[in-house]
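For reference, the chain that follows is the form predicted alone, supplied as structure tokens.
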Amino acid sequence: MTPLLAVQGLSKQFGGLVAVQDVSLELAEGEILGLIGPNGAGKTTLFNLISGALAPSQGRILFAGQEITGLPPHRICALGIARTFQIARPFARLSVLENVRIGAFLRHPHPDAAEARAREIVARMGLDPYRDVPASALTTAGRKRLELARALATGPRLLLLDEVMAGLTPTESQEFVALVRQIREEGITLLVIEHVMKAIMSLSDRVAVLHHGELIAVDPPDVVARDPRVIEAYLGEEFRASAA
């Protein structure tokens, strides 16, 4: 079966700095693949390459069997890949609903259809009480939900989530875990960067680990948690003990 996403020998250099080095991985339709690693490991750079924000120095990216290497972000989004960002930057003066409606126009060019789709997603993300509130007035958790809602409004087959749980309380993180599971149940495939290990290990079918731009493991969570290379590079002995 053709994977939904195939990254083949992907590298990205910034001058003498190699941010991503010869990364190859595949993502099956309907899968949740976690992406972990230390700060500076190349995780967000990999997202930028897949989403078209950066062009690779070498390698290929295929989505649903079609090569998308080097395509601009709007073309990649139109094909069905959406992403969130570590720091949510909504249109601050627009309402929550207006922010989401902008994303909905990609699949629903008629204003009434875009409005209906935006209202549906706002409700699904638990933002209905804040529908007409300016985005600038939201809490951190609210802005994270809005960031997710805007991405969903574009109608993706593949959703790239970049630390959506950063800065949240444990209760808020648990709520986001439930949201991510709900999104997968609706048929959307997910690639998730996350530093909240309890969340990413419970969510993911497999976990990919980057270290200094290199992929050092791609395995089910229980295997990754016992991998000596991963423990040394990122998780630490404390995590292995707690997991045990």
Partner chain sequence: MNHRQRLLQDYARLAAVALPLLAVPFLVDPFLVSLAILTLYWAYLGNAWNIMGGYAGQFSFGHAMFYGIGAYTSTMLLLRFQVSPWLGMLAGAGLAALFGAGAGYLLFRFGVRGHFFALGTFALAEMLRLIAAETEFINRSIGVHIPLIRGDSWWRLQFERTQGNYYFVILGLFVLGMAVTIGLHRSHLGAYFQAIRENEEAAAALGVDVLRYKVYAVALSAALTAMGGSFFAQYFLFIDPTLAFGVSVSVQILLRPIVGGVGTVWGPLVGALLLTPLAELTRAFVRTPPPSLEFLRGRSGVDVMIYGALLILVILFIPDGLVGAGRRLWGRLSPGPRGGRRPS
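All figures in this text were calculated on a predicted structure; none of them were measured in a lab. Numbering follows the first chain given and starts at 1.
If you look for the form predicted in complex with its partner chain, you will not find it shown, but the lines that follow are about it.
Using a 4.5 Å heavy atom cutoff, 73, 115 and 150 all lie near its partner chain in the predicted bound form. Of the candidate stretches 120-128, 166-174, 137-145, 151-159, only 151-159 has residues with heavy atoms within 4.5 Å of its partner chain in the predicted bound form.
The shortest heavy atom separation between residue 95 and its partner chain in the predicted bound form is within 4.5 Å. With contact defined as any non-hydrogen atom lying within 4.5 angstroms of its partner chain in the predicted bound form, the contacting residues in 58-89 are 73, 74, 77, 83, 85, 89, given in sequence order.
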